[in-house]
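Just the one chain here, laid out as C-alpha cells, in the form predicted on its own.
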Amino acid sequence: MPSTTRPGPAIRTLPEPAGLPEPLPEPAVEDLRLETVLGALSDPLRLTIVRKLLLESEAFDHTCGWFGLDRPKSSLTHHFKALREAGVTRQRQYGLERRSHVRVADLEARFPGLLALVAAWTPDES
C-alpha cells in the first residue's frame, strides 16, 4: 500500500525589510546543533512561540506582547533568550523592545523538515 502524506500547515515567511537593527548575538548557521535546537524546542511554551511565529506572523518580526502569553515578563525574557541562543530565533533591539522571528532559511539548511514538524505540532489544550 503506498504511503500518503498530508501537507502540513503553510509556514509564513515574510521578506526582510531594509534598515533593520543588527541582530543580537546568535550562533552562526554552521554552529547550529540539533541537540541544542531540540533542547530549546522541548519546552511547550517555546514550541508554542515558534509555531505561532511560523504560522501566524503578521509582520517580519514581533514583540513578546504580540503572543498574548499570560506569563511574567521575566519568564518570557528567559524563553526568548533560550530560543535565540539555540539559534531558533533571531532578535533585534528596537529602542526598548526586542522583536523576534524564526531563522527559517538557516534551520531548513541545517535541519530540513524540522520546522514543518513544529508547524504541524498541536499544543495540548489541558
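None of the values given here were measured: they were computed from a predicted structure. Residues carry their position along the shown sequence, with the first being 1.
Beyond the structure shown, there is the form predicted in complex with another copy of the chain, which is absent from this document and is the topic of what follows.
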Report yes if any heavy atom of residue 114 sits within 4.5 Å of a heavy atom of another copy of the chain in the predicted bound form; otherwise report no. yes
How about residue 65: is it within 4.5 Å of another copy of the chain in the predicted bound form, going by heavy atoms? no
Just checking whether residue 41 would be counted as a contact of another copy of the chain in the predicted bound form - the rule being heavy atoms within 4.5 angstroms. yes
In the predicted bound form, residue 118 touching another copy of the chain (heavy atom, 4.5 Å): yes
For this chain shown on its own, do 35, 47 and 124 all sit within 4.5 Å of another copy of the chain in the predicted bound form, going by heavy atoms? yes
Which one, 27-35, 66-74, 95-103, 80-88, holds residues whose non-hydrogen atoms are within 4.5 Å of another copy of the chain in the predicted bound form? 27-35
